[in-house]
Each structure stands twice: as C-alpha cells, then as structure tokens.
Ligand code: MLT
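Only one chain is shown below, in structure tokens, and it's the form predicted on its own.
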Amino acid sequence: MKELSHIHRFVPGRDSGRTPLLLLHGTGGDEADLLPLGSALSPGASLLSPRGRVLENGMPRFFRRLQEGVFDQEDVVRRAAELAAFVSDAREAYGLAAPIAVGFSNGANIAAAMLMLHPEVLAGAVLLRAMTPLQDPPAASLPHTPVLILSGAQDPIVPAADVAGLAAVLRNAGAEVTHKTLPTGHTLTQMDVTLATQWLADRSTQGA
C-alpha cells in the first residue's frame, strides 16, 4: 500500500449504505479526536481521520494563521491541496467512496477550502463553527453538493456575517446548503450532534 502523507486513523465501516466520513479536528486535536463523534453521527460508516500537519505552539492545525481569525492564504491553498491528495490516496488504499467531511473549527475551515478548491474530492460536508477560509475564493462548481453549516449565536470567534458569507459562496457554487445558528458558543452541543446525525441519515437514504 502506498504510504499516506498524513498521520491518520482509519476505522472500516460496517454499513456499506453509509457514506464514509472524513473527520477533521480543531486546533489542538489529533487523529483520534473526532472518532467518537463520527461513530455517533453515522454508526457503521467508515471513518478516515487525519492529523493536521501544521503546529501552532505545539498544537496540530490544518493550516497556518497569522492571528485568530486571520489565515495565511497561501498556506490554506497549499494545505488544502495536500489534504485533497491524501484523501484521494486513502480512498484508493482503503477502497472508499468519496467521503463527507465532518470538520470542527479549523477542521471545518479546511473542509470549506477543499470544497472551494478541490470540489471533486468530497461528497459533501458538515461544517461545525466554520469561517470563510479564503478571502478571494475561486469560482467553484458544486452542483447539488450537500453542505450543513452549524454556527453558534454566541460564538466569540466566528462573526455571523462571515459564516453567512461562506454559506452564500457555497450556494452560489451550486451546493445545497443548510445553515442553522444554534443558541451556543464555539463549543459543540448535543443539538449539533442531533442535527448532524439526522442530516447525515437523510444523505445516506438519498444515496449521497
């Protein structure tokens, strides 16, 4: 098997009817961080969970930032390409269909960047507390690609206008975007799990 670029965990699926999940952790997480969430969101689905290759004060991330909320644009583009290549190689190595990304915070941001820059890699995305990763996003083509965005009304990190702009960019690219704002901050809640679980179940029954 070809050596894969990212340290990662792979959990083979037990239910072939469920779309594989690509789990993308937040700052300071690792390849084990979202495995319990993935199992809860889509029981029996294959789980592919890479570790971000950028370190910020010893904490793994998927791309560099210049300060909170200000991203290194060149690094976003480069790391999104690296991650897209990893997903393609992992699909071949493990015999996977195109996955739905489930990303939290920094992981959601790199998933959004992949949708914009490498739309062929993902079957959809669950973006938890995402921000717009690219200041000048390209004209992507995402016809009927399902995307769920869950924001926090009291999130101190993600401005409401920013995530609304992200939803608009994805819709303009053709994605079928569901955007909900929950009464919480930047942390995940049971409401996130409930909504994402139902959304993923609907995608599986539709053969996404």
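Predicted model, so just to flag it, every value in this text is computed and none were measured. Heads up: residue numbers just count along the shown sequence, starting at 1.
If you look for the form predicted in complex with the ligand, you will not find it shown, but the lines that follow are about it.
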- Item | Which of 56 to 64, 35 to 43, 165 to 173, 143 to 151 sits within 4.5 Å of the ligand in the predicted complex, heavy atom basis | 56 to 64
- Which of these residues, Ala101, Val87, Ala80, Met131, gets a heavy atom within 4.5 Å of the ligand in the predicted complex? Met131
- Please run the contact check for Thr178 against the ligand in the predicted complex: heavy atoms, 4.5 angstroms, yes or no? no
- May I ask you to check whether Gly69 falls inside a 4.5 Å heavy atom distance of the ligand in the predicted complex? yes
- Query: How about Ile157: is it within 4.5 Å of the ligand in the predicted complex, going by heavy atoms?
  - Reply: yes
- Task: Please state whether all three residues Ser16, Thr19 and Ser204 have a non-hydrogen atom within 4.5 angstroms of the ligand in the predicted complex.
- Result: no
- Along 24 to 38, which positions have a non-hydrogen atom within 4.5 Å of the ligand in the predicted complex? Thr27
